[in-house]
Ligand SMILES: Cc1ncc(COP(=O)(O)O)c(C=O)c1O
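Presented below, as structure tokens, is a lone chain in the form predicted on its own.
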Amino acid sequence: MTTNHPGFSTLAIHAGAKPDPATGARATPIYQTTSFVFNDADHAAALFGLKEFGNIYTRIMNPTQAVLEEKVAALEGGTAALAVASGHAAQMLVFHTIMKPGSNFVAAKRLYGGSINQFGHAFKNFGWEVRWADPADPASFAALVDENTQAFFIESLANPGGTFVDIAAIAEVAQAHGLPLIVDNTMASPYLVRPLEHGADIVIHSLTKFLGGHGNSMGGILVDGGTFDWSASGRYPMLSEPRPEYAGLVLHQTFGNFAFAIAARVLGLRDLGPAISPFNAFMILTGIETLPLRMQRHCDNAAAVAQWLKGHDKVSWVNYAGLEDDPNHELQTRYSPKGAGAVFTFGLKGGYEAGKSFVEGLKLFSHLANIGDTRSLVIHPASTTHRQLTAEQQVAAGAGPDVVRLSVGIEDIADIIADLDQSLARIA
């Protein structure tokens, strides 16, 4: 007997989702409730003691949220997932689960500006230190490891530059040091890249972006790859040592290859509280059903726009891995043969002022701080998302003064290019 393995598009629609047992509703219902009735006192005790799975309180879990988690875990090839209020919340819970005061982690210096701020400023209040490495040089990660290092963090497709990272090479360094590799896969989505297949241990997403896809709902998620041994080194006591709040239960010992997702839920989400709303979970679930269709159109449109910009006399450079002469093209073809994504940057010969003028002149494109929408979006990072960074940090993050970031939507390509053309024409 052969086993059928559903394809990606089938999983995007069906994974985790079944007709509602109470009503027969085919679409996953919005369980808009704060809490759930227990069968009896023993049932309640078993739920609170982690001896039985079930719903207690929507801050911790909810049936709509559970479908979302199962679907994304299936798309990424993970063992379990935890959906929360935003991508930043997912990052906070990941590090809360593995870090201790005085510990550090090594992160790629080419990241979303909000992550750079969270890691470099907000995390200091927890006594956590970030050390910045070059994602193009895996050895730079190894050089920053010491006895207090807890993890490596990278983006599979770096924001804002749209450059692919050699996940497997950095995973090899992480494994050599007994450290988990955390990969933000927001920009690529599992349609293009599945980091767990290349050595990652934990994957995170801002669900607000391509997975939701319609710019209408906030959410984040972490996916447990089930690949890391949390008990081997003694570095991760929240998973490997008895938990007093659960009568001495050892999470890794009890839950095995999905212990990380459990720990983030019952030790992080339970107490820190960044819960996703059932309504947002429902909206994001609806968006995921069309993910493969949208992502391919995003990629096709972005490739056409990048090629057109490359030939424009007011554009000094285009950084898009889908271009055959791009330095990142080999990594793109290796990790993401379906396409190079929707987000990329280019430089205007007029620098900072030209960048500002260009985004103000666009009409079809929306000037806002988001990516992954069906609509085409634009931003000038140096004056917005990366403004709080120093000039040197902006350049290091791929957000220098001349840089414009596009998130190419799924509109007709002729209309997208026409809008870019009319706005470039306005620049002196």
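Remember, predicted model here, so these are calculated numbers, not experimental data. The first residue of the shown sequence is 1; numbering continues from there.
The same protein has a further form, the form predicted in complex with the named molecule, not shown here; the description that follows concerns it.
This chain is drawn without the named molecule; in the predicted bound form, the residue among 332, 97, 280, 115 with a heavy atom within 4.5 Å of it is 115. Think of it this way: in the predicted bound form, the named molecule has a heavy atom of just one of 371, 379, 403, 61 within 4.5 Å, and the residue is 371. For a residue to qualify, one of its non-hydrogen atoms must sit within 4.5 Å of the named molecule in the predicted bound form; all three of 91, 208 and 218 qualify. Looking at 152-160, 120-128, 307-315, 251-259, the stretch with residues near the named molecule in the predicted bound form, meaning non-hydrogen atoms within 4.5 angstroms, turns out to be 152-160. Using a 4.5 angstroms threshold between heavy atoms, residue 319 stays clear of the named molecule in the predicted bound form. Although the partner is absent here, residue 264 sits far enough away that none of its heavy atoms falls within 4.5 Å of the named molecule in the predicted bound form. With a 4.5 Å cutoff on heavy atoms, residue 287 does not count as touching the named molecule in the predicted bound form; it lies far away. Taking the partner from elsewhere, residue 187 is found to have a heavy atom lying within 4.5 Å of the named molecule in the predicted bound form. Taking the named molecule as positioned in the predicted bound form, the residues of 58-87 that bring a heavy atom within 4.5 Å of it are, in sequence order, 86, 87.
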